[in-house]
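Here are two versions of the same chain, shown separately as structure tokens and labelled structure 1 and structure 2.
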Structure 1
């Protein structure tokens, strides 16, 4: 399956509305334009009306299209508030981060009064289509949780399993990453990885197979795993990479894209509604795929 295929899987019958926080951006509005061409969703564009009009003209978005509404909010941080409120009040179905700091969007999503918390840990899940790899690889969490605890990692796995299921990956294989594939008491990531493995075996983490610790090469390459003599249901064929800290995931994310030529889609999972969350430097294509992934995930709820 390719990321392009997600576009076909989105249900067009019950069309969803996407609220875009700080929409005045070329890549964001190009993604909106393509989403309209594929008839994926309706849009509420939140931001400075003049700026949105100017950028829309440049990228060729027809703002008189009945599937688009504008909400004039000149103050940047308030665009996140308005987009999130629009979802929590039931007008929109999905939040999309536009040209705005990730933190501002996440703080609005976590807001106790009008946010989208659902009593669980929220986490970022990125889906990569890597050239010469025959299946997607999911990476979590490169966008939200900074240094998750063991309990949080278990919930982060569950969030990523939901996204995997939305893509048709059943019983995904999860590799909790570390620098080595054995437990080393001086490396906390290895202890958590072993605990998560046991938690899955005992039914505390469901609908997936967890095995770790695994180093990145053992997780994705059968050859590397067999050279180390690793016997594992996950080694060499991981669907989901769980990393111990945001810096590791963020560096892997960017290296997949910049060095391996990967295509990516990213969402926040675990909230009352999905949130499209890509890096501001990600392309319009990536934002379009992320939007489709969020719409697909929202159908699962």
Structure 2
């Protein structure tokens, strides 16, 4: 399966609106241009109107397109406020970060008065298209939670399951990662992994299959799992990799991209609406895929 394929899965009949905070960014507006070419969504572009017009002219975005609306907000920090309010008030369906610091967007998302948090843990879910692999691999959490607790890991799994369902992956297989495949009291990650496995079996984590602890090789390789004699419904065929700490996810994320040549889309899940928080260094293609992923996730609400 290719990330290009998810563009076809977005519902064009009940078209969603994406609110872009600080939209005057070449890569973001290029992604918007491509999204309009695929007729994926309508857009509310928030920011300094003159700056947006200048960048739009450079990348070839027609701001007279009826699917685009401009909202003039010259102060950068307020662009995030207006984008988030647009979603919380029901006018838009997805928040997308433009040329603005992530922390400013998250501050608006977490605002108690108009924000999008509803008591759940927010977590980042990355979806990778890895060359020579016939299905997506999801990785969480590489962008929000540093050292999540057991309870937070359970919610992070639920957030990633929702994203998987948006991609058409039913009952995804979840591998809580650790360095070994047995419970070791000196390795807290193994204890959490075993607990999460039991929680899923007892119905505390739903709509997926969880089995761990599993080391990375045994989670993604049948051959590695077979050599170690691991019998599991998840080993060798994991759809979702749950990491014990953000450093692990950060290393895997960048290894997939820079060593394996993977393409990636990412979304923040767990809020009242999906949030696209791509890096400024991400390509327009990656931003487009992330946008499509957010739209699919929004449809799963």
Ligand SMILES: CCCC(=O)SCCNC(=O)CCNC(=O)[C@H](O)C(C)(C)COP(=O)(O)OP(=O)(O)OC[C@H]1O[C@@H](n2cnc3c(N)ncnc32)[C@H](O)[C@@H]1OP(=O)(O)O
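Residue numbers count along the first chain shown, from 1. Superpose the two forms; the largest set of C-alphas matching within 1.5 Å is the rigid core. The structure displayed is predicted, hence computed values, not measured ones.
Asks: Between the first and the second structure, which is the form predicted in complex with the ligand?
Replies: Comparing the pair, one sees that structure 1 is the form predicted in complex with the ligand and the remaining one is not.
Asks: State yes or no: after fitting on the rigid core, is the Cα displacement of residue 47 between the two structures at least 2 Å?
Replies: Yes, its C-alpha moves 2 Å or more.
Asks: Using a rigid core superposition, assess whether residue 189 undergoes a CA shift of 2 Å or more between the two structures.
Replies: No; that C-alpha moves by less than 2 Å between the two structures.
Asks: After superposition on the rigid core, does the Cα atom of residue 215 shift by at least 2 Å between the two structures?
Replies: After core superposition, the displacement of the residue 215 C-alpha between the two structures stays below 2 Å, so no.
Asks: Check the Cα of residue 101 between the two structures on a core superposition and give its shift in Å.
Replies: It moves 2.4 Å at the C-alpha.
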